[in-house]
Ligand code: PHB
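Consider the single chain below, provided in structure tokens and representing the form predicted alone.
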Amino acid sequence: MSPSRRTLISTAVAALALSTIATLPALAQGLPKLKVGLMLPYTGTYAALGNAIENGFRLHVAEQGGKLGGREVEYVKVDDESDPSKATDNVNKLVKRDNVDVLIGSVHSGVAMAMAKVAKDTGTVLIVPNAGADAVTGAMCAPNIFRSSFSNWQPGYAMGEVVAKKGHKKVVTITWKYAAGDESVKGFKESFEKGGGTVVKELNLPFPNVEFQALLTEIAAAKPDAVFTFFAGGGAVKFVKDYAAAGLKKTIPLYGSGFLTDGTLEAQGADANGLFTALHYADSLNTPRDNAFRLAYAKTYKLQPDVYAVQGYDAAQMLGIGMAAVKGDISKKAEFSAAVEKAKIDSPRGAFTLSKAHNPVQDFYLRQVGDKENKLVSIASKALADPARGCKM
């Protein structure tokens, strides 16, 4: 090989090497995928709720081109089975084995409490897209824990105001004996009694028991002016049907937290007609934002969205706001938290902000069931903020 040719090749190799080195920093700046741990119920009483939350979450991510804060989203899924006894192991697997960057979950309040403890201990960002356990944004509150849904106190409190204004004086409550039921009843009782009413009997049964007959007999014997209830999913379907079958619907008005009739109307059929519930979403808001969301959801999943889908969608919105603020670096927890705290989330339910404890400050709607829809009647409680009792953040 001639010296000139050898020199030419050497120069070319050197130039290629320099070019490769020059591109290394650019490659190093390529952000890894954002690992999102979805810990939701995919079997059992709350399976439909878990699927709707995931659908809503994925819809918003898809609308952003599959990326949040410039990072492609990768999902790691765990079926939590709505079983608190398995929750700590499940969430630790996501955090320590799968190394997820953020936790999304769950539906069952007992499961969410275990998730909140692990999130608080490890500093992992947690967004709760349903479970209303008051302590999550109360005593367990933390800078890295957020909720896109509600506290159990909120819909109960809103409905207590409504029932008192309707002039009912004596009410019986009935629910499952667990955090969601207990706290929903406490919220209802607080506002109902403030409005001059009395809760004459508090009935409950273990979750997820649906043998209601003995308790329905007690309600009939007590002859209250009205009944307030918290049930959701499959339990809500059976309770509404059993209440009607016992003849109580005709004589004692039934009021509920909105989960009684959300995602359940098809199965409840005519037995749900006329029921009043209070929730932070309704099927007939008819706003441009909600109409666009409902159309996109129906096109994507061939289903009508419900409150669970909205909460999943907004969990992704909140994550996206935080990720944009830190330019994809979720390790910047303080900056992430500050951005979400000051945001006004453009939700299908209506815009909402977060309280200092990271719980939504939002309107609660009075809805009435008709034509298999939870139709808007009025605003039951405007910009209702959870009291966040015990939060020291």
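All figures in this text were calculated on a predicted structure; none of them were measured in a lab. All residue numbers refer to positions in the sequence shown, first residue = 1.
Here the subject shifts to the form predicted together with the ligand, a form of this protein not shown in this document.
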In this chain shown alone, the residue from Y281, Y308, F146, F228 with a heavy atom within 4.5 Å of the ligand in the predicted complex is Y308
Which listed residue (G105, G132, G312, G322) meets the criterion of a heavy atom within 4.5 Å of the ligand in the predicted complex? G132
Name the stretch, out of 72 to 80, 123 to 131, 88 to 96, 244 to 252, where some heavy atom lies within 4.5 Å of the ligand in the predicted complex. 123 to 131
Please run the contact check for L49 against the ligand in the predicted complex: heavy atoms, 4.5 angstroms, yes or no? yes
Check Y178 for me: does it contact the ligand in the predicted complex (non-hydrogen atoms, 4.5 angstroms)? yes
Could you tell me if Y157 has a non-hydrogen atom within 4.5 Å of the ligand in the predicted complex? no
Should F150 be counted as a contact of the ligand in the predicted complex, where contact means heavy atoms within 4.5 Å? yes
Taking a heavy atom within 4.5 Å as contact, would all three of S109, A232 and F259 count as contacting the ligand in the predicted complex? yes
